[in-house]
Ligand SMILES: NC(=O)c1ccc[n+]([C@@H]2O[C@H](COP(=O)([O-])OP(=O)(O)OC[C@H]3O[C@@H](n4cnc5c(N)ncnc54)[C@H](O)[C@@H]3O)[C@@H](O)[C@H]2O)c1
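Take a look at this single chain, the form predicted alone, given in structure tokens.
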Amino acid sequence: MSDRYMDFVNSGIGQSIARSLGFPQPVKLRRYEHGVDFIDGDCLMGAAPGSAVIESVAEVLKKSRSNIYVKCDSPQTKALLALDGLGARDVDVTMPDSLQAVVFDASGIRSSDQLKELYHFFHPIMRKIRASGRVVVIGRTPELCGDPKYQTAQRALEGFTRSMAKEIGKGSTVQLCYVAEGAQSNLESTLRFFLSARSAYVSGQVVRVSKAELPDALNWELPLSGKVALVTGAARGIGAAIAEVLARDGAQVVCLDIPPAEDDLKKVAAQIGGAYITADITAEATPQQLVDYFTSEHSGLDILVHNAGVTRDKKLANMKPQLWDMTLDINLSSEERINDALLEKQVLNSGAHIICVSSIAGVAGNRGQTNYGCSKAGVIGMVNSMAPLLLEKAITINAVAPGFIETAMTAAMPFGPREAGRRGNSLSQGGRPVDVAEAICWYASPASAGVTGNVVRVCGQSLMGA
């Protein structure tokens, strides 16, 4: 469904009216286009004194075709000007007119008084960040910092980046990436995602990157080549978009949905050159059916996307027990049963990725959705509890938590709630199913082996929740 308000405020007269009345002025977001560089514009990098991740950041950035600039306030950043292959320029000598991307390594900030390094770096450049710009701040995982003052300072980065994300405007985004000691080499997939147009509707988020074994080489255009993926609830909407983007990135996709959706499911599978399974994920026989299928038809499963879900909204006082039971069984319990069966029978290959679709309702709750919010918070709990248990199998588990996404369901909402959903975020617009799919493909990449136990909201930094 088109967003007529956004179309209007991006017209000549609409811009003037919105500006004079102080109305939100959402801009059209840049999204992934094949062949476009992952940065696609001038990029500035810098570091606080004593930071230890900036060299790894530079190794990623030098793979871009964009101009790289360095703000030389620390010995580490001065050394980057001579780094082979980076071709960096001193921003104090040559300042570009605008910046598409900014990366700041704050891992060296060890006390509260050193937090002023954030001000010194960002204050002079805020107005130079162009529309749909990207900002990434790098820190150390606070709970792994031994010194209390170091942990305090690193935790402060969350308030800074989330506040900055609400100020920056023009469809630009700000993220915080905590990198564990010794995990610098695991940063690339996350940095590429956050700096690229793939993360268009992700802002104000915090990701933790840990040490993990990575593949020797990766085709960044087809990172999922040779991988087998299962997407539940794939017949339409977000599920269909997930299947399409996984296939675009090289995966062999198996689409699953209930028998009544078989016609739509066939179309999705045919469009992406994939296969399909009709099954009710709550049925007792379904976990074993999946075990048998991926054992006989494939050499196991590499990517499992738990997308299938329902809403059965009622205030708790008016809710029938069957509405509670159905929602919890589909959205949460069935996922646990499928995970258990695939893990017990060793169908999930080493290095596999389990990716769950939660919701901001599971983060902040929602009126009339006690059943749905409970189930989606349970999904987050499943990610948190299973992540450490799966480490020995080299399997990751993460979740996305979508906000207002433009689908047939949201198009049917009354005008008032629909507009509130669209405008109630820092980007002042609804997301698209492809935005959820792009985040899932980032999680699914072999290069994301160090990304586990994370919940990233794909919500344009919704004003609801943390």
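Sequential numbering from 1, following the sequence displayed. What you see is a predicted model, and the numbers here were worked out from it, not measured in a lab.
This next part talks about the form predicted together with the named molecule, which is not shown.
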query: Close approach of Ile405 to the named molecule in the model of the complex, 4.5 Å, heavy atom; finding: yes
query: Thr282 within 4.5 Å of the named molecule in the model of the complex, heavy atoms; finding: yes
query: is_contact(Gly237, the named molecule) in the model of the complex, heavy atom dist at most 4.5 Å; finding: yes
query: Contact test in the model of the complex: Ile258 vs the named molecule, heavy atoms, 4.5 Å; finding: yes
query: Among 97 to 105, 372 to 380, 113 to 121, 194 to 202, the region lying within 4.5 Å of the named molecule in the model of the complex by heavy atom distance; finding: 372 to 380
query: Position in contact with the named molecule when the complex is considered in the model of the complex, options Asn307, Thr161, Gln154, Asn186, heavy atoms within 4.5 Å; finding: Asn307
query: Position in contact with the named molecule when the complex is considered in the model of the complex, options Thr410, Ser428, Ser56, Ser66, heavy atoms within 4.5 Å; finding: Thr410
query: All of Thr190, Ala399 and Gly450 with a heavy atom within 4.5 Å of the named molecule in the model of the complex; finding: no
query: Residues in 342 to 372 close to the named molecule in the model of the complex, defined by a heavy atom within 4.5 Å, in order; finding: Val357, Ser358, Ser359, Tyr372
